[in-house]
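Next up: a single chain in structure tokens, the form predicted on its own.
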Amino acid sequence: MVDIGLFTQIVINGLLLGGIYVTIGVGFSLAFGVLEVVDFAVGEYVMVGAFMGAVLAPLFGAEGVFVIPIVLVVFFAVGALIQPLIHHVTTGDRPHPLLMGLVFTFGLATFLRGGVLTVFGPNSQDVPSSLLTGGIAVPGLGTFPVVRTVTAVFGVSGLVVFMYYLYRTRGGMAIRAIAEDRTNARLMGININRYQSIAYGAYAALTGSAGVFIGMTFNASPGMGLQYTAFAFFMVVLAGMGYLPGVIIAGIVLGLTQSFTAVYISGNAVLLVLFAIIYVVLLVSPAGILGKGEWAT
């Protein structure tokens, strides 16, 4: 017999987790749409963001949440500097630009993971935040852990701001034009390199800051990056390649799937279940569950 209280708590935890996963998925999907590159480094951005939180939080009274503005700025600057390198290896007369982008970002991911292992060693580190401890009990529903609730609010707020920029500003219109047709965007006078740098910088900033929240929710570990790379791929395939609104649904599905699998099956089986779902989606609807993305081929 199903324990209703436990079931409700799993749903709450899954929805709250989905809130932060949406942030990672939107940035990853945008990088694919604008730069036409599948970024293998997405999980390592999460990992480095978590370690930045672990290192910087003690400087701010052991409050990881106060580190977020610094992480946003640093990751945006780093992303804006990395984008020209990706552009360089994926354009011009080079054959197989998608493969070149994959190789470059795989090398970047390896470099980041190796750098963190060299500096911090293989052990996990906590991202402290005494302000976000405990939970808020809601009669009839369950307990909302404060850190997960704040994490979800940050994720949804970041998504709203990001979508406003994309759909209500001239810069966002330029980015969407590049994602739609790079050649026509250039003919219309749009500075491709500038807006690609902004898009990749925003993606890196969102992903790195999500890493701080994930570090507060769980911990920071050098090996965590691969898991979040897999999560990002799951969300983009489920949403439909390049279709941003679908990422919201995909993030929620991911959070719920992770929570239910961890409780009713095993935490070690989460990736197995996710890949089974991806396999079915690719067979039934290669353009995503809403059928509005590019075909995953």
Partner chain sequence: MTGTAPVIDRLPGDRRYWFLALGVLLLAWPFLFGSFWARIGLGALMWIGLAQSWNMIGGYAGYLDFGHGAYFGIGGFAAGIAMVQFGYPFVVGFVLAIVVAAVLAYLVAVPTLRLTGAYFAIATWALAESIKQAALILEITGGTFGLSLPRSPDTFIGIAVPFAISETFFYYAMLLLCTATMLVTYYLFERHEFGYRVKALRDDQDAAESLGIDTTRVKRQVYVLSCVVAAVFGSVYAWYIVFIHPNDVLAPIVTDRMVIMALLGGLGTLTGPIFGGLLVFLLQRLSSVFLGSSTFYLPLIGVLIMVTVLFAPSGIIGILRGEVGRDDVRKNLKELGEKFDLL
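Just so we're on the same page, rigid core means the largest C-alpha set that superposes within 1.5 Å between forms. These numbers come from a predicted model, not from an experiment. Positions refer to the first chain, counted from 1.
This next part talks about the form predicted together with its partner chain, which is not shown.
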Check: Just one of V74, A80, A177, M163 has a heavy atom within 4.5 angstroms of its partner chain in the predicted complex, so which one?
Finding: A80
Next item on the list: With its partner chain left out of view, choose which of I249, A230, L256, V55 has a non-hydrogen atom within 4.5 angstroms of it in the predicted complex.
Entry: A230
Check: Are A137, V146 and L159 jointly within 4.5 Å of its partner chain in the predicted complex, each by at least one heavy atom?
Finding: no
Check: Quick one: does L132 come within 4.5 Å of its partner chain in the predicted complex, counting heavy atoms only?
Finding: no
Note to self: Whether V237 contacts its partner chain in the predicted complex should be assessed with a 4.5 Å heavy atom distance threshold; does it?
What the structure shows: yes
Notebook entry, point to check: Does at least one non-hydrogen atom of A62 fall within 4.5 angstroms of its partner chain in the predicted complex?
Noted result: no
Next item on the list: Give a yes/no on whether G171 approaches its partner chain to within 4.5 Å in the predicted complex, heavy atoms considered.
Entry: no
Check: With the partner removed from view, which of 199-207, 105-113, 214-222, 147-155 is the stretch that lies within 4.5 Å of its partner chain in the predicted complex, judged by heavy atom distances?
Finding: 105-113
Item checked: Residues within stretch 255-285 having a non-hydrogen atom within 4.5 Å of its partner chain in the predicted complex -> N268, A269, L271, L272, F275, A276, I278, Y279, L282, L283
Next item on the list: Classify L15 as shifted (yes) or not shifted (no) between the shown form and the other one, where shifted means its C-alpha moves by 2 Å or more with the rigid core superposed.
Entry: no
Note to self: Is L282 displaced by at least 2 Å at its C-alpha between the shown form and the other one when the rigid core is overlaid?
What the structure shows: yes
